[in-house]
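Just one chain follows, in the form predicted on its own, and it is written as structure tokens.
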Amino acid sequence: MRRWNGWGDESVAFALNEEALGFLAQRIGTGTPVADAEFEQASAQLKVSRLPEHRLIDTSPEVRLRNALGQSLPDWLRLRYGVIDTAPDGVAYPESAQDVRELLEYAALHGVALIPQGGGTSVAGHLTAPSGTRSVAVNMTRMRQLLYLDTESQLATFGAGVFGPDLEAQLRARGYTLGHFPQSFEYSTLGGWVATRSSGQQSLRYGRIEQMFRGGSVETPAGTLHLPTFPASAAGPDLREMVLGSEGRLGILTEATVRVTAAPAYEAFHAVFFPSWSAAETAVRQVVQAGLSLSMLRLSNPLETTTMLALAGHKRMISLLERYLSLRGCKQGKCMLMIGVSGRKSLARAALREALGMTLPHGGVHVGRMMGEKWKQNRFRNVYLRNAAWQHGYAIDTVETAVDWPRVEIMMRAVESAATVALAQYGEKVHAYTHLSHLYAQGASVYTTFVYRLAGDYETDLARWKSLKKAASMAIVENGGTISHQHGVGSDHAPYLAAEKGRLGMSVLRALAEHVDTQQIMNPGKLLP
């Protein structure tokens, strides 16, 4: 069963070994475990539903609690401490576009806010019910079928509530793949990917969701918006861009047509180490600008590299690796790069050889496939470390942005430093480390993880998070980064959006939302503060 107050399946655990716990204790101090609230205790807090009855809406406290929040750290704090101050009054499970249309009419008639959701994996506050307003969480996961596959055009149409594994299984059975693999892949949905402009781990080959999304249907309060598919068009602005990243403010995506490709005949992930960040960043920039047919480049900075090796287990093997790397010049300050290739075997291997050859002048040390394949094996399990860390008294949170190449290192250091200063006011240390999760010819994403100790008190832990989040977000804004490269805006990032869009841009977005949703019943408070 899905965890109600953490990540993933209850049967899956990703334990922190003694070496890892010792590493964290050395870096930031020993954590003190916090007692979690019980599900029954938390659900009993919910106020009685204020909704008029409807055949599609479940108002039971248990269902409402399981659909109340996402996976952001504030969401976790509310659930773990049992402080459920907001929750939807009901949960609907539409099975067709007509059901969605019926819910829109119901919401307009009764002044009820609708909160579209899929797998509930949001880490930016997309799913929080608006305070003081009756609301319904619209869970789209029953609309998950492959509706049509056009093999000539390589287009597939799905119900928007399809989970990542189900989508891939339906395509792989026919010899195709979408290739969209965010870390939340197991529990996130196609509609959520489109609504938040998601990026998968292998976007270097397959593209971000905006390159994959070719059309679909959106049910808005003003009517149905049909987005036909074209290979290309010069007929004015592309209306798909209104839907991409709209986060439910315009309506509910009911079906999406996406570009698919033949399932790769060959796939491999290799690891390369560099002696320093400067050498590593220069190498990956040259590799990505060469336009090679790679599927992934993922570069960890020195502290993330050290952390990954510390958490890996297999102490003897890691010790041998460290000794080998030291002999090859990769000592203190070394950085690890993951290189992925997918496709026809001959072409993939040729691209890999070319990329590896380009790393050599920068001191790159290729250590083969073992670490890369281990990463692939665990790439959807690593997020379970959040559960394990919490059990030992630690919180884990992340921020991510993207900037042009001249500002990449500046941004990395600014965000890590801002978090350090923010928690120092509480007498606490933060273990902050960064990787470039997606690389482009123009620049790169900068993805920073923070680990710090829990206080054991809801108000104190929420205050610590707010300080850290604000400091990191301000560092992003002040250094010219986008407030979100892949997690969307929600409510957590909304205060910083205007710095990116400008006054006129924000007014255009508001006018668009107000035009299709005059009563402002669609996910209020998200995206547009």
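If you're wondering where the values come from, they're calculated on a predicted model, not measured in any experiment. One rule holds for the numbers: they count along the sequence shown, beginning at 1.
Below: the form predicted in complex with a further copy of the same chain, not depicted.
The three residues Gln154, Ala234 and Met242 all sit with a heavy atom within 4.5 Å of a further copy of the same chain in the predicted bound form. Contact check for Phe230: a non-hydrogen atom falls within 4.5 Å of a further copy of the same chain in the predicted bound form. In the predicted bound form, at least one heavy atom of Ala222 sits within 4.5 Å of a further copy of the same chain. By the criterion of a heavy atom within 4.5 Å, Ala471 is excluded from the residues contacting a further copy of the same chain in the predicted bound form. A residue is said to contact a partner when one of its heavy atoms sits within 4.5 Å of a partner heavy atom; Tyr81 fails this definition for a further copy of the same chain in the predicted bound form, lying far away. Scanning Lys334, His435, His431, Arg214 against a further copy of the same chain in the predicted bound form with a 4.5 Å heavy atom cut-off leaves one residue, Arg214. Checked against a further copy of the same chain in the predicted bound form, the candidates Ile483, Ala42, Ala475, Ile57 yield a single residue with a heavy atom inside 4.5 Å, and that residue is Ile483.
Contact with a further copy of the same chain in the predicted bound form, judged as any non-hydrogen atom within 4.5 angstroms, is confined among 58-66, 23-31, 457-465, 475-483 to 475-483. Residues Asp404, Trp405, Pro406, Arg407 are the ones in 404-429 with at least one heavy atom within 4.5 Å of a further copy of the same chain in the predicted bound form, listed in sequence order.
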